[in-house]
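Below sits a lone chain in structure tokens, taken as the form predicted alone.
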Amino acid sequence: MQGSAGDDCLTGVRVIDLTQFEAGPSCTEAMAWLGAEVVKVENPTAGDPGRSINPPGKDVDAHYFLQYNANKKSVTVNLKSPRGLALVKDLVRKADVFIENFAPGAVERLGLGADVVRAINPAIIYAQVKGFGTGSPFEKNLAFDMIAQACGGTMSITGEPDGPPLKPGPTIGDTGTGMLTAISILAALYRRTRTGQGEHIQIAMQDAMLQYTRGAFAATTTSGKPARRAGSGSVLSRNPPMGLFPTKGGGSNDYVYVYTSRANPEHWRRLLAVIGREELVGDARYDSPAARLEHEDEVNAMVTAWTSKHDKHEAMRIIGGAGIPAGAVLDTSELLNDPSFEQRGIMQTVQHPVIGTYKMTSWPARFSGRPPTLRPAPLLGQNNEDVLESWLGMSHDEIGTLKTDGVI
């Protein structure tokens, strides 16, 4: 059925993508997965710096780049050339969205600031991702994922209670900011269908991190103190047993997470049945969250004694099957090789013209049972002729002249 995979949701939406690395590319990739025509404008000589982060070989795009630029097109333009700048401005007249995440002030120096672009196309949605927000004392500073996480609170609530702050493994500062940018752009596009109004959207990575730490802010407003690191627990409250428990195997990821909710006393009672300690049902030492907190070491020891006799997958099946929240700690290899993700389309295998076959994650939402189709990231400048012909009506000879003159 046409459109059943969701990749026609944004059909007709044209995006000029001047982003690099991850925060901006995550946003535009989401839009590309959903059907937008995303044209990545890159430097003709090297392109997005992400292409060269730990590549698998000489003159081969890095898998890092492939992960964040699927379903896009690539056009190479020398933005420091007057003709190249004029070419991008011509594309702006045909575009619905313009997005950039260069260093502070860089896009303005190139001559493509919001005032310039919106004067050319007042209906365009102009989006910018920066490290720190306008008005911040650090707004001119550079930032990457780890800087945003340090300054945005996520590191302060990650780690063991008596240990140093840690950076969460997922790139919340980059991809997390990209997702908030995508949502904001889609909202602006939806309003534009009613009003014709363009927009200038600015999202700072530090500001975005506050969105992902709202639970910790709730803890602070309740206690009046900074939210504490809680290890594998919760910054909001402790309710033993909740956390990681070792399982059979002894590997670095041989653990299962077990969670008993304060809101459902049955979780604890069910768990006692699973671990063969039914005699403790109703025991005053363990029958309430507060009592279990007082005897936390004893509670954890009981659970560990059981989990250590089972592998993590078995532990998850048994505990989860009893109606208790539980999750095995799955590493990236296990997830990549789990056939259920590929069967459901959450992981898809793509054929790259240079690298060959590889598997990667796709957009996780399923439309009528299927996620959007995944296409490989483009080679540098792969779509020069396609985009310049379809957007600007340029002839083969005109495009050839641009190549000869070093504009593209």
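Each residue number is its position in the shown sequence, starting from 1. Keep in mind it's a predicted model, so treat the numbers as computed, not measured.
Quick note: we don't show the form predicted together with a further copy of the same chain, though the next part is all about it.
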message = Based on heavy atom distances of 4.5 Å or less, which listed stretch (171-179, 303-311, 276-284, 102-110) is in contact with a further copy of the same chain in the model of the complex?
response = 171-179
task = Consider the chain as shown here, without its partner, and state which of I120, V329, L272, A291 has a heavy atom within 4.5 Å of a further copy of the same chain in the model of the complex.
result = V329
request  = Could you work out which of P265, G250, P82, G323 is the residue within 4.5 angstroms of a further copy of the same chain in the model of the complex, going by heavy atoms?
outcome  = G323
inquiry  = How about E296 - does it come within 4.5 Å of a further copy of the same chain in the model of the complex, if we only consider non-hydrogen atoms?
reply    = no
request  = Report yes if any heavy atom of H63 sits within 4.5 Å of a heavy atom of a further copy of the same chain in the model of the complex; otherwise report no.
outcome  = yes
ask   = Though only this chain appears here, would N54 touch a further copy of the same chain in the model of the complex if you measure heavy atom gaps against 4.5 Å?
value = yes
query = Any of the heavy atoms of T158 lying within 4.5 Å of a further copy of the same chain in the model of the complex?
reply = yes
request  = Taking only heavy atoms into account, state which residues of 138-177 are within 4.5 Å of a further copy of the same chain in the model of the complex, ordered by sequence.
outcome  = F138, N141, L142, F144, M146, I147, A150, C151, G152, G153, T154, M155, S156, I157, T158, G159, E160, P164, P165, L166, K167, P168, G169, P170, T171, I172, T175, G176
